[in-house]
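This document starts with two versions of one protein chain, written out as C-alpha cells and named structure 1 and structure 2.
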Structure 1
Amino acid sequence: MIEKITDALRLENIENWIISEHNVHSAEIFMIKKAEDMRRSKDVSSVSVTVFNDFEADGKKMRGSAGIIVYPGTEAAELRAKLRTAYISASYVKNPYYELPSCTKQALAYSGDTRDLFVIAEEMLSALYEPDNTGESFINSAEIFASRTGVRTLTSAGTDVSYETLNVKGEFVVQCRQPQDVETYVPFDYSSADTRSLSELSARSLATVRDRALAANAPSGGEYDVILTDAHVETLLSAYLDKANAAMVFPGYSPYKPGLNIHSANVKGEKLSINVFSREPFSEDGIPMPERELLKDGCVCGIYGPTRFCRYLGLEPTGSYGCMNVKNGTAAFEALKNRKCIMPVVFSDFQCDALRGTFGGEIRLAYCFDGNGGVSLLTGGSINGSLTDKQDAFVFSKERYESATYSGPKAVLIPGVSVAGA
C-alpha cells in the first residue's frame, strides 16, 4: 500500500507527510473454565497518513495537519480524494508552524520468537492453567491474544524506519466459591511468550482470590496509612509520565518544566526518581526512543512528547513515552507492613488522574495490618486522595515489580489516605 500512497501524495502535490503502516497477525484463544470457547485469527493491514499543509494566517506561518487511515482495497481514485480532502482540511488547522523530525533510516531485524502464533498462544495457555490444580480456587475464563505486528514509518523528510514486535496479552478471571463466591479480573501483557511470569501471575491470583473469598468486612471510615502494590504503584506513578508530557505542558495543563522541583521543602518520604522508556523503538513519526530521565530526586529532567508540542516548547522532539523505570526504594516490603495500615491488593478499578492530581478506587480485597503482627482481610469501601498532597511522603519498597511497561518498587506507603468504609 505504501507505494500506492506515496504515488497519490505526489499526484496531489502534497509535500509534507508521515506514513505509518501496520501489518497485524494474531491468534486468539478464548476459554471458559478449562474448555475452549472459541478460536480466532486475524490478518489485517492499515496505513495511517498525516498530511501537512503550510500556509500563512494573520501574518504568521502555519502548519496544519489532518490524519486519515487507508485500508487495503482502497481504489486509487478514492485514495486521491481522501488525501485531497485531508489536505484541504489541514488548511483550516491554524497551528503555528513547526519542523517535522529530522531524517532517521533504520530497519531493525526481528530477533524474537518466529513460531506460529497459535503455538505461542497454546504454550501461554498451558502456563496460565498450570497452577490451576487445587480446585479451591480456579480459572473461570481466559482470553489470550498472541500477535505479531510489523511497523514501517516513512516521512517526507526521508525517514524510513521499520521494526516488528511480538505481543502476548490477555486477561483471565479467577474464582473461589467458598466461603463466598467471588472473582478477580486479571489482565496481562508481555512482549514475549513469558510463560514463567504468566504462571506466577496465575498462581498469585489464585491465592489472592481465595483471600478475597474469606474477606467479609469493609474497613471503618477514616484516615489510614495505605500500601499500594504492583500494578497499582505503576498506575499511581504513571501520572508523572502524563504530567511531563509536552502535550500537557504546552497548554498549561501541567506546571512541569525542566528543573522544576515537584516536592515541597518538607519531604518526609523519598524524592521521586523516574526514567521513561518505550516498548517501541521509534515514535509514530520515526524518532528513536531510548530510555530517558524524567525525574531525578524530584526534579524534572525532561519534558517528552509529540513533535509539535516539543517544538513549541523549544525542545527536541522525543515521541510520547508510555513506560517507567522507577529508581526509588529504601524500605523492606515487610518493614512497610510493620505498622497499622491497610494494603489494598485488588481494586475494582484503581485510577490516578494526572490532570486533577487525584487517585482512588473501590477496594475488593485489602490486608489490614495492626502493627503487632496481626493481619485481617477487608473488602468494600474505597480510597481517595490527592497525589500532589501526598507525594512528599511516599516511601517505596526495595523489592521490585516488573511488567512490560514498568520496572520499579513493588510497593509504596502513602500515609494518611482517606478511606470510605462501612
Structure 2
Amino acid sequence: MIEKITDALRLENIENWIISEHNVHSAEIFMIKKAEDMRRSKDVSSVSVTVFNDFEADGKKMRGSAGIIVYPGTEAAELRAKLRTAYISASYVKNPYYELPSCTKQALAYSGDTRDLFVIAEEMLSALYEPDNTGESFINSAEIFASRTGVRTLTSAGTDVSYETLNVKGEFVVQCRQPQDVETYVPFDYSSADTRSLSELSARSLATVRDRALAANAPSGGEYDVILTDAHVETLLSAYLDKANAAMVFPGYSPYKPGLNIHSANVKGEKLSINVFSREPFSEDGIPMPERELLKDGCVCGIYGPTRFCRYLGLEPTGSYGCMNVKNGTAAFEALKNRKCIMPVVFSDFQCDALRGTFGGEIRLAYCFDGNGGVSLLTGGSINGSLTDKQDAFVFSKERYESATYSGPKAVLIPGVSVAGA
C-alpha cells in the first residue's frame, strides 16, 4: 500500500507529503454482570496521507494542507483522484508558509507485553471484577478492548519511523439498588495491563456508587476547601498543558513563554512542576517525542506543539503532547481531609477551561468532612473556581494516581472554592 501511494503522489506531481500507516489488532470482550456476553477480534488497517500545496496569495508564500484516508483495496485510479482532490483543496488553505520537519529514520523494536491480546483482556477483567463481592453494589456491565497498534510514518523529507504500542481501555457501569437505584459510568485507559490500578478503580467505583445511593442532601451554598481526586486532578491540570501548546500561544490565547512565572509573589501552596510525555515515541509527522519539562517551580520551561505553530513562533517543532507527569506532592492524603472541607468524587461532567481559566462541575457525590472525624454524604449542587486565582494555594498529596495519560498526585486541596447548593 505504501508503494502504491508514493507512486500515485509522484504521478500527481505532489512533492510534499506525510504518510502514516496504522495496523490495529484488538481483542474485545463484553460482559453483562459477571457473564461474558460476547467476544470478538479485529484487524483494521488504514493509511492517512497529508498533502501540502505551496502557492502565493496577495504576494505572500503560503503552504496549505489537506488529508485523506486510504483503506486496503483502493484502486490506483481512485487513489490518484482522491490525492488530486486533496491537493486542490489544500490550495484554498491560506496558511503562511512554514518548513516541514527534517528527516528522521528510526525503527523501534517492540519491548512491551507480547502475550496474546485475549490473555491480556481476560487478566484485566479478572482484576476489574475482583472487588465485586459485597452484594451491596455490583458491576452491571463492562467492555474491555486490548489493542496492539503498529505505526509507520514516512515523509517527503525522507523520514521513515516505525513503532508499536499496547493499549488497554474500556468502560464499566456500577450499580446500587438500595435505598435508591443508582448507576455510574466509569471509563478507563492504560498503556499496559495495569491490573492493580484497574482493581483499585473498580473498588473505589463500587464504594462510591453505594454511597451515592445513600446520599440525599445537597451541600449548603458557600465557600469550601475542596479536594479533587484521581481523574479530576488530571482534568484540572490539563489546562497547563493546553496553555503551553504552540497552537494556543501563537494566536495569543495563552500568554505562556519560556521563563514566565505563572505564580504570584505570595505562594501559600506548592509551585507547580509538570513534565509532558507522549504515548507515542514520534509525532504524526515523525518528530521524536521524549519527555520534556513544562513547568519547573512555576516557571514555563518550553512551548510545545504542532510543526506549523512552532515554526511561526520561531521554535523547533516538538509534536503535540497530551500526557502529564506531575512532580508535586507534599501532604499525606488522609491529612488533607483533617479539616472542614468537601471532596466531590463523582461529577456529572467536571471540566477545566484553559482559555478562560475556570473549572467546575455538577456534584453527583461528595464527602463533607467536619474537621473532627465526622463525614456526611452529599449529592447535588456544583463547584466553580478560577484556576488563576487558586493555583498559588494548591496542596498535593504524596499518594499517586496513574492512567495512560497522567502520572501524578492522587489529590489536590484547593482552598476557598465557591459551592452552589441548597
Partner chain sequence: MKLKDSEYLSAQAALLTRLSDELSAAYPYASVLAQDSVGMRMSVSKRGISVSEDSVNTKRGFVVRVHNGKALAEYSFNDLNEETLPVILKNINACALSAAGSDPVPEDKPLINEYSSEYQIDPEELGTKAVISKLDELRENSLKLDERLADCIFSFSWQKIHKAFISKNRRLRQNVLWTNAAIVMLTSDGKDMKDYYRPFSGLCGAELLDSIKDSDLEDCARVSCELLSSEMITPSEYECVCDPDVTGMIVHEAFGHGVEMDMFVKDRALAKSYVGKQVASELVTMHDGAAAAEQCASYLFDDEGTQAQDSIVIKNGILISGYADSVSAARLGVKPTGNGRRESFERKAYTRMTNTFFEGGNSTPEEMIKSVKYGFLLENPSSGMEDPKNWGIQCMVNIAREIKDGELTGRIFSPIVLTGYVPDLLKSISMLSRDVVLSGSGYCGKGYKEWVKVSDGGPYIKAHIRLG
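Under this definition, the rigid core comprises the largest set of C-alpha atoms superposing within 1.5 Å between the forms. Being a predicted model, the structure only gives us computed values, none of them experimental. Structure 1 provides the reference sequence; residues are numbered from 1 along it.
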Can you spot the form predicted together with its partner chain among structures 1 and 2? 1
Rigid core fit then K340 CA moved by 2 Å or more between structure 1 and structure 2: no
Would N325 count as moving between structure 1 and structure 2, using a Cα shift of 2 angstroms or more after superposing the core as the test? no
With both forms fitted on the core, give yes or no for whether the Cα of D194 moves by 2 angstroms or more between structure 1 and structure 2. yes
Shift in Å of the C-alpha at R40 between structure 1 and structure 2 after core superposition: 3.5
